[in-house]
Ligand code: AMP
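Take a look at this one chain, the form predicted alone, written out in structure tokens.
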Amino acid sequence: MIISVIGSGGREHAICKKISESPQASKIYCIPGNAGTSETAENIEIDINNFDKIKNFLIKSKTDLVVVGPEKPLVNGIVNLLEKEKIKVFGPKKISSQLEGSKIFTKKICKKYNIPTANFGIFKNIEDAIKFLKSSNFPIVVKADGLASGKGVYICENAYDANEAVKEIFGGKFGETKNVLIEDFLKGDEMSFFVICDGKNFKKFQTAQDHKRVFEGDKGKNTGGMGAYSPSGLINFNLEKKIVDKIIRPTLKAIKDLGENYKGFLYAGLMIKNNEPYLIEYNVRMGDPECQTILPLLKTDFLKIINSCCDGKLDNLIIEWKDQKSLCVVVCSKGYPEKFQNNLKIDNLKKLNLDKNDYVFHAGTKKNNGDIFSNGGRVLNFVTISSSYKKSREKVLKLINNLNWSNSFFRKDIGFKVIDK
């Protein structure tokens, strides 16, 4: 099969690598890809927002299957466009993708279908939002309604911080925003719960825990993700049943009631309190860096799973996992998530001593005359799987120290809640 993967991050590098392990894969393209994806795929320099150019390339290259990595093309309807052209594509359609494209869309579904979530208010202007905040209890959560690359969420400890968050969101920090969502702060432990759907059936696709905050101890600003580990230390049989019955099934029913069947990954960001799940938000694709953390644990042929989803035959498939612990640490450019320099050379990558349980997935990288340079805030993802989170973290940190890239920083405490408690 000829497969085209859309995206350029660590998630897409992990997807390309996993697909390349399948005997069914004869050729992989990555649009536009990065320095890492070029190891297993041919990078094609096309803007992922230019659907016409993508469509024309897919037809010309005789692509058999398209895998859409990031959220923006999904929210903007690339699946609808490609399906009209009879191109086989893995990912949800435009209406389904509003689960991530609009937090308010998701909150309204929660209310209608009794899905447990934080109490919330929707505000169309700065004045109404600030007036509401005057009588609010803190901490409180302020969210931009649309896509914000994981950064449009503010956890505010006081009225001043909340007012500033509202002003930034309406001021266009995350693009044009017509609404702000303000919701109660839920206390508990966060967890990421993934399912994979074929339009009729779904299966669990592992759990993970992500570290969003930029500094150790989960302090500082939200980022796209500083690291993750899988499986989650919180998951148990009773909790999984509650997540499926109270959150996943009602959501898929809501999408069906809107006239669409959900196909692709569905990623529930949850808060767990006293073994009870509450929905924080949905993503309509694999998380990043959760994807890089989860895929190395997968035993079943990944391409076979994706094809089963596209063909509506997921129910016939058993998904098997390695009984190991996976941990990922993200190496970032100094200054991220604020201002940072690009185009900085990364030496020593080829000198790293990786064994079969070690992975380096590229995110913000590019190649120039055989050398690798930084090309983003989150640059590299170091992943190790082993018998324990502690061993995995020790190995990852050793590899990063051996990289010795002076223009970077990373969190040394990823997994601290399960390792250091």
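These figures come from a predicted structure and were not determined experimentally. One-based numbering along the sequence shown.
We do not show the form predicted in complex with this ligand, though everything after this point is about it.
Checked against this ligand in the predicted bound form, the candidates 168, 184, 128, 257 yield a single residue with a heavy atom inside 4.5 Å, and that residue is 184. Proximity to this ligand in the predicted bound form, defined as a heavy atom within 4.5 Å, singles out one entry of 212, 72, 203, 88, which is 212.
Site residues 13, 16 and 44 are none of them in contact with this ligand in the predicted bound form, judged by any heavy atom within 4.5 Å. Though the partner is left out of this view, residue 281 does reach within 4.5 Å of this ligand in the predicted bound form, counting heavy atoms only. Not displayed here, this ligand is kept clear of residue 195 by more than 4.5 Å at the level of heavy atoms in the predicted bound form. Using a 4.5 Å cutoff between non-hydrogen atoms, residue 301 does not count as a contact of this ligand in the predicted bound form. When this ligand is considered in the predicted bound form, residue 271 lines it closely, a heavy atom lying within 4.5 Å. Residues of just one listed stretch (159-167, 336-344, 238-246, 185-193) have heavy atoms within 4.5 Å of this ligand in the predicted bound form: 185-193. Along 128-145, a non-hydrogen atom within 4.5 Å of this ligand in the predicted bound form is carried by 141, 143, in order along the sequence.
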